[in-house]
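Before any questions on how it binds or moves, here is one chain, the form predicted on its own, in structure tokens.
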């Protein structure tokens, strides 16, 4: 009964074993092999993980543990997406680690959209007030299982923040769902503008 509840209620059943697995075998990840395995990813996420599509996240320079966890969630059906779910369904843990290792060392393309000074200032204020940099780091480059959000697409950031707030976007440990609750829609748009223009 307790196991069924853990499986139903949260990501602990996946996150804890995955953390141990990822930690113990991180040194075994092969970026060169990951490049070959990630060829199919280019169609949506762009060359080197730099997506040109506003609704598709850029994966270049993402922390490898973050990419691994997201692929794991898609494989285990904790996240569902028409494109990602079928792709992840056949990935082994090693495949996911190799792809994550490859994407982690890819350079991020600089933002091409101009920043609006007023919107950026408002977004920075929201991010500072909510201590977003305490998890995502001061440069918003991400760490461990926490993503890089600097230079991420505005549309993608808005969608994810709204999803965390409503519960539509699964959250591995509840941190983002909790952080998004006090945000107004204007806050979300402002912080997304700020982060998407950060180099």
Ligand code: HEC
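Numbering follows the first chain given and starts at 1. Not measured: the values here are computed from a predicted model.
Only in words, not in the display: the form predicted together with the ligand, which the text now covers.
- Query: Since exactly one of 60, 29, 132, 65 fits, which has a heavy atom within 4.5 Å of the ligand in the predicted bound form?
  - Reply: Here the answer is residue option 132.
- Query: Should residue 170 be classed as touching the ligand in the predicted bound form when contacts are defined as heavy atoms within 4.5 Å?
  - Reply: Yes - in the predicted bound form, heavy atoms of residue 170 and the ligand come within 4.5 Å of each other.
- Any chance residue 120 has a heavy atom within 4.5 Å of the ligand in the predicted bound form? Close contact is absent here: in the predicted bound form, residue 120 is far from the ligand, nothing within 4.5 Å, heavy atoms only.
- Query: Does residue 83 reach the ligand in the predicted bound form if we count a contact as any heavy atom within 4.5 Å?
  - Reply: Answer yes; at least one heavy atom of residue 83 falls within 4.5 Å of the ligand in the predicted bound form.
- Item | Contact flag, residue 109 vs the ligand in the predicted bound form, heavy atom cut 4.5 Å | Because no heavy atom of residue 109 falls inside 4.5 Å of the ligand in the predicted bound form, the answer is no.
- For the stretch 85-122, return the residues whose heavy atoms include at least one within 4.5 Å of the ligand in the predicted bound form, in the order they occur. Stretch hits, in order: 87, 91, 99.
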